[in-house]
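Just one chain follows, in the form predicted on its own, and it is written as structure tokens.
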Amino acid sequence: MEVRLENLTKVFPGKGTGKNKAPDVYAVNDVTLTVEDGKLLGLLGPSGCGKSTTLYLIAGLHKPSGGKVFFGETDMTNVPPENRGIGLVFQNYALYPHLTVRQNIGFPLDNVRPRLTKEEKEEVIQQVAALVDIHNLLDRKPKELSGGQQQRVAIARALSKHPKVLLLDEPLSNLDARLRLQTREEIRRIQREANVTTIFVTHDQEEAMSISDTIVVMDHGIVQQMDAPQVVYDEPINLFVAKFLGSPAINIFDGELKNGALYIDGKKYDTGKEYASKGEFSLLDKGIFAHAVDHGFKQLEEEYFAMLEGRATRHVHDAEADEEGNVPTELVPFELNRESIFDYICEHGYTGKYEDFSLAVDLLREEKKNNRPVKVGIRPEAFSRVPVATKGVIPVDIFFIEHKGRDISIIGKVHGQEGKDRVRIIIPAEERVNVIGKEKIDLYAKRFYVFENSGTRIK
């Protein structure tokens, strides 16, 4: 069964009234996505990102503030949860402690119409119990089961009514590390064998990456990126996604674009690519003020920018003071264009011609479009000791080395950058002989990403 969300929104009103009212919270903000029939989609993101709320909107446990939920071509937006044909597994399993495993699994079947015979009900129980490999536990009660076994019972109960859609809300969070690994593999196996469309909520990126056909990364109720797990990891659409995915986390460096070239720590880093300009140039740029001052303009910086932003006042010409000595003032009528700015700075001492001023603006416009601070991301495993054509060197001071099974992890900092964040590098274990005992190592990046400071990806 295909699941389709169209502009789905959920707003929780802020508490309080009047001036004390808290702002409304957009838990899910205009989400549009499609889960293909028989596929497993992982909803991934930090706590509070809206992933569980999205799941509950699909389940019908929350009523949307806007948008629609479709199962196939059927609009399910206002259909009660019990009529949606879903199986829902909660984080705490929600098993009935006084019932046996058989009774827990069979409980939803009591409401099936037409009613099942005792034999038909037992046949379904045996089928789903075999599917999740708990057929030998049917006569036990939940307290006699391990966490992983209880989780399988919850999944079997959800599957007993042959749901169109299976919804899992952080189902592995109560399990230890070994059981999490084992159970997530079982969930993937069960999902494939049952061929049921599944939506899996988790904050654990490794879980989402390992079992999902598609992952959706969310933040503040907004879908940041949706694609195959490896694509999202290899091609993060923005800085948030790049930083959220990966363990150890991606290394982020302060960079700069100068005339289309990338610099890190003042040194040209990427000579193999010309970087695109930023876009429109603002006449609020401080470079225009600096040019005006260099050519005789006499006004304080804050007064100048207050003028451009329409906040400044001036004394009304030829107006008389009132009885208290206050001279009337008025807002300066000012349009943000070259001609108005030129006329204004000429009134306050600017000695250049309009052609000089306009040329200075054009030069600034071209420079600022291309020259700006950026963020450069390099994943730990993307470093190499072998020089990479067109890419600069990153000298790293080594603090210590950790062994990570097949690989080793170097913890250090960029040489000469005091106070900056630590750098984490993963290299093959055979490289250990080339780094052990060294205080500094020169590294290169086989792959890196460039982001605007706002988070938008450039490269």
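Computed from a predicted model, the values in this text were never measured in an experiment. The first residue of the shown sequence is 1; numbering continues from there.
The same protein also has a form predicted together with a small molecule, omitted here; what follows describes it.
Of the heavy atoms in Gly50, some are within 4.5 Å of the small molecule in the model of the complex. Though the partner is left out of this view, Asp213 does not reach within 4.5 Å of the small molecule in the model of the complex, counting heavy atoms only.
Contact annotation: Ala27 falls within 4.5 Å of the small molecule in the model of the complex, judged by heavy atom distances. Taking the partner from elsewhere, Glu170 is found to have a heavy atom lying within 4.5 Å of the small molecule in the model of the complex. From the list 42-50, 407-415, 425-433, 392-400, the contact stretch for the small molecule in the model of the complex under a 4.5 Å heavy atom rule is 42-50.
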